[in-house]
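In the block that follows, a single chain appears as structure tokens, in the form predicted on its own.
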């Protein structure tokens, strides 16, 4: 499967990238970066560092949006650490491409019409801008997997909103109202498959990826002593592209509130529409699937 991964690393983005890089089923054409969990400079640097650490400096990184369609991003340093990751990695030797992320998305879709899957792990700004640049993009893409939204559960930024959708609600509406085939993996399914402090198997791996994951999660627990669960939202979105049978979906039309107290609230009208919303998950198999893919 040919994929572009739109990402804002971010600790769980790092896990998702390791999972994707380890999968023989995915041919990663590039990473497009967006601000969100941290500033664009930091998310881009983190993407380059993860690729080099994992032995894939050849995969291009395309720098994307530093601001949402309207307003400013709210960064998540409180959750992911002061540099967007809880670990330090060597300074990357590679540099981001001179091609902008929005252009890279359009160019890749045109190069592989009907074949390219876009996995979006951060705010949807790059994806929305690419659709605005090329209205035919939704028909050119095979599918978009989106980590975002809280449909039937409370949000994680406000009682109503999940972080990625909250950070650029306008962009989310552009994407969800398009003709793209979309799979939405949100908080409805990503709370239960979590890493616990005493999950020894998550801290004893020997591969490059497993060692980095252990460092990230161990340091995350040190940074957040009151938390006893580390949620696997972004890696579960990659897993959905690889093992869809682990998820239960309902077809829906999806809209996002763009102002007021309920900014970022994601609502789904089930029964029709182009968005396949994940509403349930095989918790044990999904958690095991992510762990197995990190090794």
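Residue numbers count along the first chain shown, from 1. Not measured: the values here are computed from a predicted model.
Same protein, other form: the form predicted together with a small molecule, not shown, and the subject of what follows.
The partner is not drawn, yet in the predicted complex one stretch among 91 to 99, 67 to 75, 171 to 179, 158 to 166 has residues with heavy atoms inside 4.5 Å of the small molecule: 158 to 166. Annotation: in the predicted complex, residues 37, 80 and 147 each come within 4.5 Å of the small molecule through at least one heavy atom. The closest heavy atom approach of residue 121 to the small molecule in the predicted complex falls within 4.5 Å.
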